[in-house]
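Only one chain is shown below, in structure tokens, and it's the form predicted on its own.
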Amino acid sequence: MGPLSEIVPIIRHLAAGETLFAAGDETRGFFMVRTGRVRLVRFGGDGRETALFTAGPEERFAEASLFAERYHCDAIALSEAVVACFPKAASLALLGDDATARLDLTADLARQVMTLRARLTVRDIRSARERVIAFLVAEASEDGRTIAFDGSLRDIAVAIGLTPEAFYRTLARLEAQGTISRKTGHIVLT
């Protein structure tokens, strides 16, 4: 946890589906998931959901809120979750005083930017089959074949810009073709 241990967070317990904050709410700080999963989303005028980020245990989110007056998206618990809110004033004071805290935040934000750029590249692929394969290759563990996930397949579909139905059909075809095998919690490229 590093320098954040100097800040006393406000702990929130969320039910699955509960909104932590909504676009337009006044910012009060950034968050870290202790348990569960929280998705950051935006909703278009047509109601279509765009997933921006899904945070799991020990992942921070909404860091940009330290430099904004209002949240730019919604944060919704995907499961029961416990989150720590690091108040804005205390966080900014720590960042102003502690070089390690600044470097830690900068490194985390850089990793998020790299992940988002990779996801944008995948979302630009027109073919659902090729998009899914590109995502699986990008997310594979060190063995180059195993993709572990602790969320739902729907979460992955939303992240790569496919409807859940199109994603499920594509996975079924890839499995029937012998390109992948599926087990609970992971997919293996064969």
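When you see a residue number, it is the position in the sequence shown, counting from 1. Please read these numbers as outputs of a predicted model, since none were measured by experiment.
The following text describes the form predicted together with another copy of the chain, which does not appear among the structures shown.
Note on the partner interface in the model of the complex: the residue among T146, T35, S152, T121 having a heavy atom within 4.5 angstroms of another copy of the chain is T121. Proximity of H13, P57 and A77 to another copy of the chain in the model of the complex is absent: no residue of the three has a non-hydrogen atom within 4.5 angstroms.
Shown alone here, I133 lies within 4.5 Å of another copy of the chain in the model of the complex, counting heavy atoms only. In the model of the complex, another copy of the chain sits within 4.5 Å of a heavy atom of L162. Although the partner is absent here, L116 lies within 4.5 Å of another copy of the chain in the model of the complex, judged by heavy atoms.
At least one heavy atom of E63 is located within 4.5 Å of another copy of the chain in the model of the complex.
In the model of the complex, the residues of 104-118 lying within 4.5 Å of another copy of the chain by at least one heavy atom are, in order, L105, T106, A107, L109, A110, R111, Q112, V113, M114, L116, R117, A118. Compared with the form shown here, the Cα atoms of R37 and E175 sit 3 Å or more farther apart in the model of the complex. Annotation for the pair E58/A157: C-alpha atoms approach each other in the model of the complex, by 3 Å or more compared with this form.
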